[in-house]
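Given next are two forms of a protein chain, the same chain in both, each as structure tokens and marked structure 1 or structure 2.
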Structure 1
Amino acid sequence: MTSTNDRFEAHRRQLAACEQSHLLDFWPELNEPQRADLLDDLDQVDLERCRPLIETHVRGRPRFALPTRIEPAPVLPVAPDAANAELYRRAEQLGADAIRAGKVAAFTVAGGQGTRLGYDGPKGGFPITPVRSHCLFHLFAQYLIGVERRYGTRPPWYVMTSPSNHEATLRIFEAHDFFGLDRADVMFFQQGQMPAFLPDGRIVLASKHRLALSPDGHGGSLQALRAGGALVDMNHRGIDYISYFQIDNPLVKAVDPLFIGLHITLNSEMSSKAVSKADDLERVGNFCLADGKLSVIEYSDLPEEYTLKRNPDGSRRFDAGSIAIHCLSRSFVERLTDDGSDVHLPWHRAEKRVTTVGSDGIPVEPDALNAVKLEMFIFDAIPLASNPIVLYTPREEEFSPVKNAEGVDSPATARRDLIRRAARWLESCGCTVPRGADGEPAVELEIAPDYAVDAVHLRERLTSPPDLTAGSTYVLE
């Protein structure tokens, strides 16, 4: 085992070579546990990766270069027209066959904390279901059990945490006996970290013994798959297709046979789902053809003249909003993350408020933007893929993120949408769902994903529709 002194000397030399020696300014004042914390933080910083970025993205301010030609992306419809009916039928069968053959894995990006929701812990532990108050992790675990019930094979689950919530995430799974999953089929690994920088290029020291570190963005999840050993594990299991989704969307289909089947049938390396935007300026990325390449342009980067454009029939011209649901071929992720690859996701610069330590060693809370954070975005991999495709999915079926404590995209709206979806599914089975004068279901409903993963599955399983009365609570499990 390397001694503290040896680790210190190695970091001292590296930091001096990169003009970051200030990170050790308070070393003589630290006790042994604090020194261990500082060295652990320094171990997470790849100085060779940071050095060129300091020049281009910290001291410099790269600007988004608007493509010369921006056109709407071609998007496959939710329901096929006559020309695509056979394609969708074959794709859904092929996707189901891939699931049954054990070629599909679920991959959840779960590095966030529930702070904005008033929850002290990993966001995946936040209680979300409308009746039983099961947490997001529990909901997705049940979904995978439901997939096994329908297709005979349970996909393995890869969960990316962050250093700030990794141990707490493991404790949640342990406390719930892995929510009924086989422990051998759940793999945890941590996301990479990037330091925050002062405008002059110095890495931020948040206290005498801690660096200001934060996750390297959801785009960093691809490199984390390799660094955490997930790609090797997938290869051993025969996994070819990775179903990617983020922890904060309780409506997501964690494994969707049609989506996977279209990805396979159309020889795509990376496929994405889109929803029709709620309004012209909705804060979601826009699927576009950027100089002929399928891409996502952030809402903040797409000029309003494009967001307001209309087709001859009055419909929105740039309508496909990105919702962070993807299917990736394992071979594509392996190629992108190979050490010898000359293709990398771009870094994005964001100015933030970050606690810094003063010359007296006392942390200072800034009252203005004072630092730069760098992150990668998963959608930047799309133009690097062969034959990328986009499939529309109904918002009401698959997109209701939990981001804010109140208002739009909050726990209240997600629970409302879970109840609305359960009502639609039951009505498709011939059940009468009581509704109020506003049209909302007048009953608290919850359909456990391990009972049915979608409306078709529910119709296959439900032998007799339940008798629902207004003001009642009903759980199908």
Structure 2
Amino acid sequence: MTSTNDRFEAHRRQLAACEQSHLLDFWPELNEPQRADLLDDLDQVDLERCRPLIETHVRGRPRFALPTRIEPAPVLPVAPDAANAELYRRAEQLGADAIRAGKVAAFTVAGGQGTRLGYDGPKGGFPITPVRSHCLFHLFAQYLIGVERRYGTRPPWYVMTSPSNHEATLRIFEAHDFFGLDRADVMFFQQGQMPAFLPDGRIVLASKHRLALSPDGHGGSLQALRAGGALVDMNHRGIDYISYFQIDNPLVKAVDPLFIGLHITLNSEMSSKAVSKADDLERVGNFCLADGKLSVIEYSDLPEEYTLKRNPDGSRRFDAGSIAIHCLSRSFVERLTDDGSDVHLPWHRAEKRVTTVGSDGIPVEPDALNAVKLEMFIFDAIPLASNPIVLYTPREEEFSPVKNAEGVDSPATARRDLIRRAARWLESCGCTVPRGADGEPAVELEIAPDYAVDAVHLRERLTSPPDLTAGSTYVLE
């Protein structure tokens, strides 16, 4: 066991070599537990990794190198045309077979800080369903039970947390008895962290004994899958395909046979879903062929001369927006994260407000952007994959993220979209859904995902159409 003094000495030397000695400014004033906290935080920082980034990404600003050739990415349509009909039919079958054979796992990234939502607790614990107010974790747990009902096999669930929400996430699952899942089939692991930096390159001290650390972005999930033991676990279970989604999209098809089947049949290592952008400048990443390679170019990096471009028929040329739904081959993640691999996802710089400690030791809340955070993004792995594909999915069926407390992409819009989708599914089964003069469903509807995972499943299960009256609430469970 290394003593506190030895750990302190080792850090002191390293910090001095990296011009970060200010992190120990308050050391003489700290009590033992505080010293332990500070040493634990320092253990998490890889100074060697940070050193070059401070030059390029903190003191400097990396400039996006615009590829010489930017073309729209080829995107598979929602509904197959005649040429694709057979491909889709086979793919759906193959995907369903892979689920049945236990080769598919669900993977949720839930390590984010959810700053914009401003909810006190992990976002996955946020109550979202319109009638029962089930939280996002509950909703996805029920989805996996629904998958079992439909395909006979329940995929295991890998949940990535971060140090700041890990314990709280576990408590939510414990408090709800794992939402009906077998606890052996849910694996939690934490992602890495990065410190925030002041513009001059110094790491931010958030209080006398704590660094300002935050999760290293959803791109950190690849390394975390390895470091947290998930890849080994998947290997033991015979999982070949990882169905990746974010915790904040309650509409996502957590496990989609067509998508997985297309990934398999087209030999893709990393596949993505896209929606048709709501408008030219919607703040989503753009699927492009960048110098011939499938990539996502962020909305802030794609010049307007591209985003405003039209096809001869008037349609938007760069139309496919990224919604952070992917299928990854386990072997691909293994290859990228192998010890011998020198593949690293790029870092993205974001200016943020971060609490800093003053020279008097008192934490100061800044009223302007004062620090730089660095994150990796999962979509940067796409150009590293062989045969990556993109599939369009209808926004109204599969994308309504919970980002903000109010307004767009908020709990209110997500609940509205869940109700709208439930109404459409029921109508596709021949039910009459009362609607108001504005065309909106006049019933608070909820279809439990363990009852039906999609409209086709609902049609199979619904023996008699429910009698829905305007102004009522109705849950199909």
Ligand code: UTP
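Numbering for residues begins at 1 and runs along the sequence of structure 1. This is a predicted model, so every value here is computed, not measured. So that the term is clear: the rigid core is the largest set of C-alpha atoms that superpose within 1.5 Å between two forms.
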Can you spot the form predicted on its own among structures 1 and 2? 1
C-alpha of A455 off by 2 Å or more between the two structures on rigid core: no
Does P303 move its CA by 2 angstroms or more between the two structures when the core is aligned? no
CA of A368, rigid core aligned, shift of 2 Å or more between the two structures: yes
